[in-house]
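Here we start with a single chain on its own, the form predicted on its own, put down as structure tokens.
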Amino acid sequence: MSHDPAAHTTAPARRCPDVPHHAWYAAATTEEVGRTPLARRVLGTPVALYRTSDGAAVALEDRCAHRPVPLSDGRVDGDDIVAAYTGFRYAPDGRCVGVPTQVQVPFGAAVRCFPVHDDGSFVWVWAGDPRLAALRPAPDTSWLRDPAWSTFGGAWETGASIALLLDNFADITHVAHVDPEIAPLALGAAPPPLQVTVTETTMRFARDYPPAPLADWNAQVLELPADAAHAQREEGEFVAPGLWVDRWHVYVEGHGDADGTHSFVFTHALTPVDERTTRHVWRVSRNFTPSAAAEGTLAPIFERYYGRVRDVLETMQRVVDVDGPRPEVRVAADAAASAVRRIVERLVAEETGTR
């Protein structure tokens, strides 16, 4: 479901200057937003999320127009949100519709309202000019709601910029160094060349690996011999500034009922909290072995791995904060990351008129 803001929006000075603002970001998961206000930050701006009486998601700037108190500390009454300290009442479009000390509402009293799209997995918030939101549909994550896929995951804030997270997802060759146990054995040799496809706003890459045995945990959940070799394919996609999707396919042949394409989809919803902090919601989906036992095997493995990635990225951010950015040596494996950087830089330049 969607909520269209009225014209009662006032865009503040641009924060998170190196990040596209005319984009959808997952401010929360669908189940997190309810009748109790939820406080989040998106691109340095405080946002209060709640649902109206008919279930529609609403996102308003989390600051009363009368006094600097968070609306998220207040309460939802009908379709409106009421500030706890001031008693100012705000409609879902951000207009102030009630003041406890007088009958008339001050002319123009309002808080910023964000366009919202709730797809059943995420509540996406459009952080930029609301007039442009309808021109760019929110990202598709339909596999997260498809019963053919079994999904688990987690969420946390990473003390690193979204740029560092995007660089990380664009190159999985580091996996063998961060967590050798989870790394596909196909990564042990020199990786085949990337096939990179770029549009104005997206980047996709793919890489086909020759047959190789699976990591022990992967062979276990697929119920395959540990020494059997299988062709594998890696796919990555920069869908939008706030969404990265990876896919890993294992092609099984000659093993009877186990034959077929067994795939993982790794979904990463990324929301810049500020210039140095990113909210990371990760989901691991699979189209095979939909048992609780398989999930019990997989969930701790991936939680450990993404936790290690978070630790490395936070270390990188601390290094940059203390010593400053420096030119980096680039290698062939950086092709996808370089393409993503160029897209982000161009989007920011278009928004700010610096192109």
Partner chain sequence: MTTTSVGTVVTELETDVVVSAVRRLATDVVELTLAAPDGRPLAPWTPGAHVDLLLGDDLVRQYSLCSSPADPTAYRVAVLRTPDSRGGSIAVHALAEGAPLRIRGPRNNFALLSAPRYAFVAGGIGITPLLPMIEEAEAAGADWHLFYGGRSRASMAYLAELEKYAGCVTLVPQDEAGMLDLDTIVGTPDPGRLVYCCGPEPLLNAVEERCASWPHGSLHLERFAAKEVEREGEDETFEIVLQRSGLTLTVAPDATVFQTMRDAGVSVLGSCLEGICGTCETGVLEGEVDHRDSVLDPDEQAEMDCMMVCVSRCRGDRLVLDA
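Because the structure is a prediction, the values reported are computed rather than measured. Residue numbers count along the first chain shown, from 1.
The same protein also exists as the form predicted together with the partner chain; that form is not shown, yet it is the one meant from here on.
Shown without its partner, this chain lists Ser263, Thr277, Thr201, Thr86 as candidates; in the predicted bound form, only Thr201 has a non-hydrogen atom within 4.5 angstroms of the partner chain. Although the partner is absent from this view, Ala134 contacts the partner chain in the predicted bound form, with a non-hydrogen atom inside 4.5 angstroms. The partner chain in the predicted bound form is approached by Pro193, whose closest heavy atom lies within 4.5 angstroms of it.
Taking the partner from elsewhere, Arg346 is found to have a heavy atom lying within 4.5 Å of the partner chain in the predicted bound form.
Looking at Asp129, you'd find a heavy atom of it within 4.5 angstroms of the partner chain in the predicted bound form. Between 312 to 320, 38 to 46, 325 to 333, 63 to 71, the stretch whose residues reach within 4.5 angstroms of the partner chain in the predicted bound form through a non-hydrogen atom is 325 to 333. Of the residues in 296 to 316, none comes within 4.5 Å of the partner chain in the predicted bound form through any heavy atom.
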